[in-house]
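Presented below, as structure tokens, is a lone chain in the form predicted alone.
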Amino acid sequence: MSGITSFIRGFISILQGMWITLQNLVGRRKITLLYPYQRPDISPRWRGIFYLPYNDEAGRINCVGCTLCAQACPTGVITMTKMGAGKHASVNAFTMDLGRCMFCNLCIEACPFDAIHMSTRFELASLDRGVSLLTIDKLARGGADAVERTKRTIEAALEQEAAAKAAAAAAKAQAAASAQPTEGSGA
């Protein structure tokens, strides 16, 4: 009798499995998207492609070239070239190799200037390996135009600072020259 009981239990379990399959096939709504034509809803916390925000008030990219993001990166995908110094510092070259990036978010957490962000853009596939190498023109919000405006802003600020230092040095030299006694005075 155990053989017949075993057969009946097996047959019932097959019918139960087919019933569940039929319910899922007919009863549930479809969750498949026709991808290029229908886009999925992306969470705002999605770790997508990086970008460097442009600050309209300051007229420049927020990055000052402190290299904290490059130091925090475990795979070393970030390289940059700094221009300027002090409060007028920025970068004129910033490169990320997304082919080696783990999208771990450590570079963003390390940045004290809120200068690097991750977008919700997720299309990273390409047949060209060079696409994964992002330069500052591709990373900056506003593209090459934003990079050029940043360079002009930093160069103008550096020129103003140099002119102010030269004027201060000239005023100091003038004050020192006027404070010295002349030969004909009674001193």
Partner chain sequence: MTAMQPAVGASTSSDMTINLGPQHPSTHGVLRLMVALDGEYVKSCRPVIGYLHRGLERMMAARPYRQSVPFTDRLDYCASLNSNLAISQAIERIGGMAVPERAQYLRVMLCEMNRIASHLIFFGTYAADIGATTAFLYAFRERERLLDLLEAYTGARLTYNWIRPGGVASDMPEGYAQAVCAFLDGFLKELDAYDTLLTKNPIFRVRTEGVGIISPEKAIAHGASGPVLRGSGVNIDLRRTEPYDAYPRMQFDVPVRTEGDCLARYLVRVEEMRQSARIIRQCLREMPEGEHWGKQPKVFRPAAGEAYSRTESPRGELSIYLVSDGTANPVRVRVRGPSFVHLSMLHELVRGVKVADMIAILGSLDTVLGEVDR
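Just so it is clear, the model here is predicted, and its values are computed rather than measured. Think of the rigid core as the biggest set of C-alphas that the two forms share within 1.5 Å after superposition. Positions refer to the first chain, counted from 1.
What comes next is about the form predicted in complex with its partner chain, which is not displayed.
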**Message:** Given a 4.5 Å cut-off on heavy atoms, tell me which of 131 to 139, 158 to 166, 44 to 52, 58 to 66 is the interface stretch with its partner chain in the model of the complex.
**Reply:** 44 to 52
**Prompt:** Heavy atom within 4.5 Å of its partner chain in the model of the complex: which of Ala85, Leu106, Ala93, Leu98?
**Reply:** Leu106
**Item:** The unique member of Arg28, Arg39, Arg152, Arg121 whose heavy atoms fall within 4.5 Å of its partner chain in the model of the complex
**Value:** Arg28
**Prompt:** Heavy atom to heavy atom, is Ser178 within 4.5 Å of its partner chain in the model of the complex?
**Reply:** no
**Asked** Might Ala173 be said to contact its partner chain in the model of the complex, defining contact as any heavy atom within 4.5 Å?
**Response** no
**Prompt:** Quick one: does Ala72 come within 4.5 Å of its partner chain in the model of the complex, counting heavy atoms only?
**Reply:** yes
**Item:** Core superposition between the shown form and the other one, C-alpha change of Ala169 at least 2 Å
**Value:** no
**Item:** Large Cα shift (2 Å or above) at Val26 between the shown form and the other one, core-fitted
**Value:** yes
